[in-house]
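Take a look at this single chain in structure tokens; it is the form predicted on its own.
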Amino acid sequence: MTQRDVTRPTTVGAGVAGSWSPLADQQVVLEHVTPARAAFRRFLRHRLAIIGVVIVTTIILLAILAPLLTPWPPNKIDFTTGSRHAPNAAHILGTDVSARDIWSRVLYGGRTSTVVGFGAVALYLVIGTLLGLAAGFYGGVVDQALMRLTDTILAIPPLLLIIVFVSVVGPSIGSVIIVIGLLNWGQTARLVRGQLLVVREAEYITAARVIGVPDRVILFRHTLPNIFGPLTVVATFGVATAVLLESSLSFLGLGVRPPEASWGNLITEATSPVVLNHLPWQWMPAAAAITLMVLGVNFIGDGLRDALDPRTIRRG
């Protein structure tokens, strides 16, 4: 017996019993590809999604390694160089109006934006998922009450309500995360409810109810994993939205309190026509960072949506 006879799988129906053929080998491989692995392979074939992963990972690593990448603390004033100084050897992106290093503030501002983006999304995913599960699973009065509450939240202009809330509570990272999380869970709740209305009619859910499985076990062990894919897509796009909202609030002076570094705080320099036209290094680095972060997250969201789309799965 040769080595190939030992290592190749044997398949009945692929010619003579016990013989090997490439078609039989392919059938065996295909039988062991799980849905998660197939979705991961489709994601890897999405070039823009891979570019997005590289962009977002790079930004996060730059923010984490900020103390190693710049000798300047974000709030340190360099009296020797002066304010609004052009890029030089000491300050590769120049200094701002308060003689602080812009490169340092862009790096540390990335920490603020990523914390707000991921923190706000985590908060409203938890709220929206719990309310959507309750509405879709129990139905009836519970469904009607939760959906009317959701419709009310969705009918309110979010940016306007966020501005009012932050004006009352006070600008800070915590208040921005809380207000974005409390006002953006509506879409998640409706998505989870819609998915659950389909999943709860499945035979395995009916069987679990018949044998007396508790509701919390059915919800979190048997139904939630089946809607994890759409939730992942919502989360990625939500991060981009939260980053833009934080930057908008900081630009308006209602986000992170100065002198703490934030991308929105940095682009406030662009409100001056002199800075906008003649001092581009004052605001362009932060604007570029916001653009790259939002594009990267959106690319990842597109890749996840295509990888988890049932129509894409049927096409192979």
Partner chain sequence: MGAYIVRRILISIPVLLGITIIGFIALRAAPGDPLLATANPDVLANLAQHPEILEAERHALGFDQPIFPNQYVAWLGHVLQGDLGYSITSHRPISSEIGSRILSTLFLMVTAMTLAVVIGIPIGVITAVRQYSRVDYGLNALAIFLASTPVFVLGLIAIYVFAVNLHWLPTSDQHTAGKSDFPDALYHLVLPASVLAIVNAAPLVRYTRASMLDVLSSEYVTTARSKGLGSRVVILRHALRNGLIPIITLVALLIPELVAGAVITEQIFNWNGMGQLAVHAADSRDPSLMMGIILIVGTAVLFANIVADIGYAVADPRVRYVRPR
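Positions refer to the first chain, counted from 1. All values reported here derive from a predicted model rather than from experimental measurement.
Keep in mind that the form predicted in complex with its partner chain is not shown, yet the notes after this line are about it.
Trainee: Thinking of its partner chain in the model of the complex, which stretch from 87-95, 147-155, 116-124, 103-111 has heavy atoms inside 4.5 Å of it?
Mentor: One stretch meets the cut-off, namely 147-155.
Trainee: Any chance residue 140 has a heavy atom within 4.5 Å of its partner chain in the model of the complex?
Mentor: Taking the distances in the model of the complex, the answer for residue 140 is no, it never comes within 4.5 Å of its partner chain.
Trainee: Just to confirm, residue 71 within 4.5 Å of its partner chain in the model of the complex by heavy atoms?
Mentor: Heavy-atom contact with its partner chain at 4.5 Å: absent for residue 71.
Trainee: According to a 4.5 angstroms non-hydrogen atom cut-off, is residue 308 in contact with its partner chain in the model of the complex?
Mentor: No, residue 308 is distant from the partner.
Trainee: Can residue 165 be called a contact residue for its partner chain in the model of the complex at 4.5 Å between heavy atoms?
Mentor: Flag for residue 165 set to yes.
Trainee: Decide yes or no: are 254, 276 and 284 jointly within 4.5 Å of its partner chain in the model of the complex, with each residue judged by its heavy atoms?
Mentor: Judged in the model of the complex, 254, 276 and 284 all sit within 4.5 Å of its partner chain.
Trainee: Taking its partner chain in the model of the complex as the reference, which of 199, 77, 159, 130 has a non-hydrogen atom within 4.5 Å?
Mentor: So the residue touching its partner chain in the model of the complex, by this definition, is 159.
Trainee: Counting any non-hydrogen atom inside 4.5 Å, which residue from 49, 56, 290, 63 sits next to its partner chain in the model of the complex?
Mentor: The option sitting close enough to the partner is 290.
Trainee: Does anything in 123-142 come within 4.5 Å of its partner chain in the model of the complex by heavy atoms, and if so which residues, in order?
Mentor: Heavy-atom contacts to its partner chain in the model of the complex: nothing from 123-142.
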